[in-house]
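The chain below stands alone, shown as structure tokens; this is the form predicted on its own.
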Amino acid sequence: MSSSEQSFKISIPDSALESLQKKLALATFPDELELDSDEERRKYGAPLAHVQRLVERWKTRTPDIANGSGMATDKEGFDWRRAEAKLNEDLSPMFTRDIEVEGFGTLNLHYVHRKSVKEVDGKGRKPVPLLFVHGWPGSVIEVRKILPLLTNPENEDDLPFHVVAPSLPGFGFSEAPKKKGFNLTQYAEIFNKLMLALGYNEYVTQGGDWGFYITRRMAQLYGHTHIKAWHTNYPGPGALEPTFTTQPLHYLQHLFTPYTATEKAALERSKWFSTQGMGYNIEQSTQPQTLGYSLADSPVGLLAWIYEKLVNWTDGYKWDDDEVLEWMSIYWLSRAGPAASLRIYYEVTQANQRQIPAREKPTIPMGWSRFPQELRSFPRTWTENVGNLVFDSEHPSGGHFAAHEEPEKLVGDLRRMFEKHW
């Protein structure tokens, strides 16, 4: 099923950094309309001045490969080697492992696996094994802020966790599938096999974005055998408004349950995303290879494509330039290249796996953390069609990247959810 694991550290070759710098130096920027504010500019996409500023910082600090020193120049700018060292520290320990996927051969999977510092908490409870699954345009970096909170809690009575956070196949430092048809079933298979190989016969999951889709599929396939409960901050894509013909009792409950102010605001946010923010999704779901040429050849194009989402999808989060460039660099310097990360959209769409009928929803306990600037969020009566909803927590701030924007709030929810459903 899987080979023995190998220790892993991020170590990008100098040649890759040198190539990046050459491409950045040759960047050509588009023109831009004369508009009065960034708010107006963002309606057209990533503002020119922002992209130019980020590119300038990205290209002004690199190992001095020309003189063979391997040392950073004295120019101010983004220092990948410093970021790389910090990632290796913050995400340690990291590993890779070969895992066999039915019909697809062996894939080499990268993952973080940090065990709890405590063998038991103050109440005598053992750590809970947690699988954390990221999405796009995130990466395994999304687990960074919640990792110490989960594995080394300050409060003696806080439930501790063993955390496993893989890079999705085709993302970051995991190998990409070579054959067509690698959809949610295969992602579920490889992650379940990873958890079993690590000795976790029973575990819980957390995921947003593609992590929602994957952990939902895992709950379908492995609930009641290996997965005891699952939690998400992004159930909206699977939420279905109840209908009288399919769910008469649920429909009547829905009919006489007024929407809260929060739910009404969430519906407006969801409407905005569906009408103004879904263009990327349609392209990546239909012609990923065509887009892939641009993202694989132009670091500026990749930066603009993702930066737009980082800003639009968060709740006023103050992105530091180096923080943005760290996220960008993981895509640009990824094992398979940035184009590979797009194919999940196509494969899942082709397999018609995005939505499932309410009758096929997972039956193990499900938890939901609500953040007001999430991209698609619907009323509770809709979301009850996603799974066996037993935990529902509402927060006053936060967006699509919950683990990165609001790590303490998300971790608090995970503790409250899983201390009752483990």
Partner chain sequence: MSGVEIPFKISIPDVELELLRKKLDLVTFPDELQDAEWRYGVPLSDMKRLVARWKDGFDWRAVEKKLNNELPQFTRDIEVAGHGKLTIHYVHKKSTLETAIPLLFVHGWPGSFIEVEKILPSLVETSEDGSFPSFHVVTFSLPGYGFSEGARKPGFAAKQYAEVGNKLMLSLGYNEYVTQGGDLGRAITYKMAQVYGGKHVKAWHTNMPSSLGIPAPTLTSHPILYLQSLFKPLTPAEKAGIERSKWFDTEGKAYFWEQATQPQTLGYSMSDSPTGLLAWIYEKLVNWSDAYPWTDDEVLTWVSMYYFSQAGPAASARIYYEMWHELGTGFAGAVKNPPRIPMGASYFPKELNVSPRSWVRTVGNLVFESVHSSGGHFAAHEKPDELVEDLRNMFGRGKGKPGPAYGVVSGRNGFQPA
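Numbering follows the first chain given and starts at 1. Just so we're clear, the structure is a prediction, and the values are computed from it rather than from any experiment.
In what follows, reference is made to the form predicted in complex with its partner chain, a form of this protein that is not presented.
Contact annotation: Ala296 falls within 4.5 Å of its partner chain in the predicted complex, judged by heavy atom distances.
For Ala358, no non-hydrogen atom is located within 4.5 Å of its partner chain in the predicted complex, even though that partner is not displayed. When its partner chain is considered in the predicted complex, Gly45 lines it closely, a heavy atom lying within 4.5 Å. Its partner chain is not shown here, but in the predicted complex it comes within 4.5 Å of a heavy atom of Pro288.
A single residue from the set Pro153, Gly301, Pro127, Gly77 has any heavy atom within 4.5 angstroms of its partner chain in the predicted complex; that residue is Gly301. Residue Glu347 is the only one of Glu84, Asp321, Asp98, Glu347 with a heavy atom lying within 4.5 Å of its partner chain in the predicted complex. The candidate spot formed by Leu26, Phe29 and Ala339 is fully in contact with its partner chain in the predicted complex: every one of the three has a heavy atom within 4.5 Å. Stretch-level contact check against its partner chain in the predicted complex with heavy atoms at 4.5 Å: of 145-153, 275-283, 106-114, 228-236, the positive one is 275-283. Contacts of stretch 164-191 with its partner chain in the predicted complex, defined by any heavy atom lying within 4.5 Å, are made by Pro177, Lys178, Lys179, Lys180, Gly181, listed in sequence order.
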